[in-house]
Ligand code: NAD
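Form predicted on its own, single chain, as structure tokens, below.
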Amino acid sequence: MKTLHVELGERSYPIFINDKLLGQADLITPYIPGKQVLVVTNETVAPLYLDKVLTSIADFEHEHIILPDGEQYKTLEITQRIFDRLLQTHFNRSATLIALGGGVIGDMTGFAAACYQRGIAFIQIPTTLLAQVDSSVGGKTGVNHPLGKNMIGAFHQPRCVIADTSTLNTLDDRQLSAGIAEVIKYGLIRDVDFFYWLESNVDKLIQRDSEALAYAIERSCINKAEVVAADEREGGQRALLNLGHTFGHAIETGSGYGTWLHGEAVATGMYMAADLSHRLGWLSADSLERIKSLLQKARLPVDAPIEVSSQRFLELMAVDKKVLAGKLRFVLLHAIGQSLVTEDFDHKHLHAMLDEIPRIDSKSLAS
């Protein structure tokens, strides 16, 4: 088993990576501070893995709640169900929430844990590749608003992250590719050697080669943990982890939550950021083509949705969390592995990119 650590002083925590970790009581129980545990999962994951997790916490006073599956349910209204169950069962401030599922469940459960009685413990058990390499690590929690993605949330670190790679065996191909998008992100923003490795090994990831997946998860988590340890609350370099996300969040909001998977929207968003970087004279044509090729080999989109016009992109990005003093800020690239956050660029290139990028019908993603 690989064990990594997110170093945050008294809020530090381990990330455990291996197969067949679910159901191991000795792995999870040291991180449960009290006697009460609520497992939060969804309709897809519950039939597959809920019983294993409940078995591991059999000695605790435990409850579970099963929420609907999908980004469109990542709302305050659905999160209210978690609060309802906690109050109905008289859970106190020493209670622990366990997030069993993908990024949506992890974000909602973490947000509920941050808010309930002003903060209780929670544990992340991510069951998708995207959640294992990104959203379960770092303490960002939250829900969506009709006007913007993840605009309501809190920083709240988990007690531990348990990434059972065997759960990826039940992940559908589209979700797997969506997770690879976030893996590619780390190579683009800060780890050029990892990008080179991905160019040679992306086919193995698509084919679910266990060694390749384990390495990609470990390398991604090392990158994420280092960035979070240096900048927990996104005052500086942690913003680099948002490569493609300003464009991607506009895609998700503008096309309707759940139409594009988060990783799909981020993939197109990363290509849009790379295209803009090239137009600014920062990124070479060869690097732009290599980025496009890797994303396409991972079966990810690089075209924007036809439903989101250039003007709509600008409207949606204007409410992005990275807007500062009314100015749009983007994570852009000087080279593969070299990124920066900036609002200092000629916006005519942004407008040209938005006008000229090819468009696709979002319905084609599900085919």
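Keep in mind that this is a model prediction, so the values were computed, not measured. Residues carry their position along the shown sequence, with the first being 1.
What comes next is about the form predicted together with this ligand, which does not appear here.
Among heavy atoms of residue 102, some come within 4.5 Å of this ligand in the model of the complex. Although the partner is absent here, residue 109 lies well away from this ligand in the model of the complex, with no heavy atom inside 4.5 Å. Although the partner is absent here, residue 131 is a contact residue: one of its heavy atoms lies within 4.5 angstroms of this ligand in the model of the complex. Although the partner is absent here, residue 318 lies well away from this ligand in the model of the complex, with no heavy atom inside 4.5 Å.
Checking 114, 82, 171, 294 for any heavy atom within 4.5 Å of this ligand in the model of the complex turns up a single hit: 171. The candidate stretches are 198 to 206, 123 to 131, 268 to 276, 281 to 289, and the one lying within 4.5 Å of this ligand in the model of the complex by heavy atoms is 123 to 131.
Residues of 44 to 76 lying near this ligand in the model of the complex, listed in sequence order, are 44, 45, 48, 49, 69, 71, 74, the criterion being any heavy atom within 4.5 Å.
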